[in-house]
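Have a look below at one chain only, the form predicted alone, in structure tokens format.
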């Protein structure tokens, strides 16, 4: 049995045999648009016909509008009921006369505004107009007849009242092609061994290649937008001579996550409301060497950190509180990648350059961190932190500001402004702002500072070595680049997989 598309294709040829051109909605009023187009493409590919697509907007009446077209508008029905009751009607009697409580309620207000009815001194409603014109009904009847209306304001008002809906109608005008015929020649799609052996290929008609076809979906993998922007950041860091830090430790001890960074054990960031604590196991082992090449004295480092917190050391007076080893060994989901920076700087202290001192170094990391925060449009309990540190001799705050301008300029962020800030492990500290042209205001894009001497000297770094540190989130620039307003559409279980597959690569350019 022939398919619907085959029937349409045959019908098109038969109709064209009797006319120079046809309109498909007249010949096939019940057929689906996709079936018609498929049949036309099949005939067009054989040059049997040519066609053009005609589109127009039609307005259809909703159920309520059909009732108005048949029985009159709500206000007209209220007026007619009151006109027949010469002495007027109460609200209850009016509802009975109209026969519909909702129609009475809506029509009553409109009839009042049109001054068709009025309220008498005894509280009844009474018709006061001699005659009326039911404009709404006439408009709907005109639309029902022609599927359109010349006055755009009327259309807008009826759509606002949800009386009509827009429907796009697709039609095709078809004319004969260069190879028009009443029969569709069978086209071979493959050259087979049998055809070669029998010689049938000599008289066979082969289907031409359709170079405009999109082809089958290969279901290829795709990088997440965060990974695309992450790669751009990594390229910037590599161009500037940075080494990537290992970031595979999502779980850290309080020692590396807080204490080595001079964050006191009473700091609000260490509360359950801000940090995820691990329940099994609860505690980590004290810091120790992880391989034979690690020659650092971890016991001395542990003692230095404890003294810096409790009584002060390296010219610092400390926080002056009883430091708890148990608190320091509690396991947490890392709240920042600065814990990794601290471990890398500790390793750097053991290295010896040509002059017998630790050599300059540049490190960066981009990975996931965790905060015990409420989830909303701009916050998640997990996000990605972009962090960089530079360790060298003779560094100054002015040098950090200049470096920040160079670094962010590579992302297309110019006109930076700096604001003094407080971080437990950097002094001085600065928040970094840039003017956002789209929002027409300054927005914070990162945080920075120079690591405190008591933090660095505890590791064994020389007193004249300085360290720049700065960080920003990966999600904010990604949301800006891809036009995303809700972070939950970027990361998490609610992300649309089509969004990940179809979005292009992004470049951190100035445009």
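Source: prediction; values computed, not measured. Residue numbers count along the first chain shown, from 1.
From this point on, the text means the form predicted together with a small molecule, which you will not see here.
Novice: Please pick out the stretch from 58-66, 40-48, 25-33, 447-455 that is in contact with the small molecule in the model of the complex, where contact means heavy atoms within 4.5 Å.
Specialist: This holds for exactly one stretch, 447-455.
Novice: So which of 328, 423, 136, 304 reaches within 4.5 angstroms of the small molecule in the model of the complex, heavy atom to heavy atom?
Specialist: Comparing distances to the small molecule in the model of the complex, the residue within 4.5 Å is 423.
Novice: Which listed residue (159, 234, 147, 336) meets the criterion of a heavy atom within 4.5 Å of the small molecule in the model of the complex?
Specialist: None of the others qualify; the residue that does is 336.
Novice: Does any heavy atom of residue 371 come within 4.5 Å of a heavy atom of the small molecule in the model of the complex?
Specialist: Taking the distances in the model of the complex, the answer for residue 371 is yes, it comes within 4.5 Å of the small molecule.
Novice: Would you classify residue 75 as touching the small molecule in the model of the complex, given a 4.5 Å non-hydrogen atom cut-off?
Specialist: Residue 75 lies outside the contact set for the small molecule.
Novice: Does residue 108 make contact with the small molecule in the model of the complex, using a 4.5 Å heavy atom cut-off?
Specialist: Residue 108: no, not in contact with the small molecule in the model of the complex.
Novice: Hey, in the model of the complex, does residue 387 get a heavy atom within 4.5 angstroms of the small molecule?
Specialist: Result yes; residue 387 sits at the interface with the small molecule in the model of the complex.
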